[in-house]
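In the block that follows, a single chain appears as C-alpha cells, in the form predicted on its own.
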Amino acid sequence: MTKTDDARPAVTADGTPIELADIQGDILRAYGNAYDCTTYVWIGLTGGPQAGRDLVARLAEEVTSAAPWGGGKPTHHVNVAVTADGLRALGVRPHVIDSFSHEFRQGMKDRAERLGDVGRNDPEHWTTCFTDGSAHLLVTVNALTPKRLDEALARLRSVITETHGHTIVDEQAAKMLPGSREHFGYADGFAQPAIEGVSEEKTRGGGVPQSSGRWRPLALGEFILGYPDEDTRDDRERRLPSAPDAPLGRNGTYMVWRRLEQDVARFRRTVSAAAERYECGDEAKLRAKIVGRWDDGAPLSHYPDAPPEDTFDGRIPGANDFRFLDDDVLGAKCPIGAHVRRTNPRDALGWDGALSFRHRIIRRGMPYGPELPKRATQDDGQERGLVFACFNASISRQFEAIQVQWVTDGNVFGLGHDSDFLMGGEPGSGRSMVIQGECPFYLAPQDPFVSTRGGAYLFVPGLDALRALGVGHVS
C-alpha cells in the first residue's frame, strides 16, 4: 500500500505510472502488525474448470489491491495466488502456461533436491496436497482480530465448498507473536528492499549500495512484472523482463510459500550449552552473533558489543544503513556466517554490492503454532514454525539463488560447504559456524533447527488478470 497521507501518484524512475489499483495488496507494502491474525487456505479445484473460473471471479471481487485504503483500516484482507497445476485446472491454454517461468511450471516439489529439501526435508514428509498436485489456489486472509478472521473464513469456506463445489485441501492458521518475534525469539522483518516509487524511504540500507556511501532504490520490475527492472536500466532498447502472456503478466509477480517447522527446544539447548564456553556465558551476545542482530533487531554492525539502551526502531531512517566491507571485512562485528549476512550480503561479496543486489526478495510470512514456554528446553510435542512467503519477479534468480548459493552452501562467502547455522538442513551437511574475533569461537555441527514441511511456487495475478481468469479469457 502506498502511504495513505501521500496523494502524489506513484511512478517509477522513468516516470511510468505504477498501477496500484491493479496490483494485489501485501506485496509492495505489508499490511502491518495490526493484522496479526492470518490463515492460509489451500483450495483444490475439484468442481471442474468452469466452477473453478466462477470461484476465481467471485474471489476477485474481494481481493485487496495496493491502492490507498481511505476511510480507515478494513477489517480484513483477501489475496489470491495460483499454482501451475491451478492454471491447468482452470483450463488455461497450454501455450499460455508455457509462457510462465520454467521453475514455476516445474514446481517446488520437483526442485526439492536443488533447494536442499532432502532427507528429513524431502517432499515425502510434506503435507500431501503439496506433493500430489491438488493445491491449486492459495487464499490468504489477514484480519485485525480473531473474530473478524473467523467471520471472513466462514464466508470463504461456504463459497469454496457449498457454492462452487471445490475442496479445501489444507489450512494453516498463523498469528503474530508478542513483540513481532518469531519462535526462536528474534524480532524480524527489518531489511526489506527499497523500491523506486514505492518505499524509497528505505533506501539507506535497503537499496543498492553505491560508492561514497550512497544508496539507490531498486527498480520496481525486480518485484512486479510489466515494469522496468535492473536490466532495463542498461538496455538501450529498454526491454522489460520476461513475463507471462497478456493479460496475465501485467502487474503480477511470483510467490514462494514454505511451511518451516522450528525445533525451538533444540535451538535453546544448543545455544545455552555453547554459551557456557563463550565470553563468560554471554548467551544474548552469542544469539546475536548467530543471526547478526540482537533479539530486538538491532544490527551488530551498529551495536557490536551490546544492544542499544533504548528500544530499537527499524523504521527510523538509517537504522539499517550499514555495510560489511567498510570496517568489518573479517567479520569481527557481524560474523561472516551470520544469518543476515548470508541472506542479504549487501556489499560483502565485493564490487559495491553488484553481486548481490539482484537477488533481493520481498519477505512476508507469519509464525504458526503456540509459543514454547520461555525457559523450556524440551519439546512439548506442539507444531510450531514459520510460514515463509516472499515475492519476486524471478524465482530462480531471487529466491532460489538465496536458498541454494547463500543459505545451503557457504562457498561464495569463503565458508566452504558450511550451510547457514540457523536455517541449514540435514545432519552432517556442514552446519557449523565460526564466530570471528581476537579469539575465534567455533560452533560445532548440530542437527537442524528448521525442517521444511511443505511449500509451493505460485503466481499472484494483477486484478485485471484475475478477472480474466475468472471469465475464461485465457482458457
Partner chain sequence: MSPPVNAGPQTGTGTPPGNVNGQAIAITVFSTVKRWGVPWLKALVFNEPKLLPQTLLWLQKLSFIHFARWTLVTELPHNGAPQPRQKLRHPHLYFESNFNGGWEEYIDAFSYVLGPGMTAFWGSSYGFPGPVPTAPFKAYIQTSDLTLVASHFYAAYPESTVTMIEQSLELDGYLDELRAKVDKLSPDEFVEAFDALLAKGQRCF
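Residue numbers count along the first chain shown, from 1. Please read all numbers here as calculations on a predicted model, not as lab measurements.
If you look for the form predicted in complex with the partner chain, you will not find it shown, but the lines that follow are about it.
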property: Partner contact for residue 417 in the model of the complex: the partner chain, 4.5 angstroms, heavy atom; result: yes
property: Heavy atom of residue 326 within 4.5 Å of the partner chain in the model of the complex; result: no
property: 4.5 angstroms heavy atom contact with the partner chain in the model of the complex for residue 413; result: yes
property: Heavy atom of residue 122 within 4.5 Å of the partner chain in the model of the complex; result: no
property: Non-hydrogen atom within 4.5 Å of the partner chain in the model of the complex for each of 63, 87 and 152; result: no
property: Stretch in contact, per heavy atom within 4.5 angstroms of the partner chain in the model of the complex, of 186-194, 372-380, 167-175, 351-359; result: 351-359
property: Listed residue (134, 396, 127, 270) with a non-hydrogen atom within 4.5 angstroms of the partner chain in the model of the complex; result: 396
property: Sole residue of 235, 313, 282, 201 within 4.5 Å of the partner chain in the model of the complex, by heavy atom; result: 235
property: In the model of the complex: members of 233-253 within 4.5 Å of the partner chain, any heavy atom; result: 235, 237, 238, 239, 240, 241, 242, 243
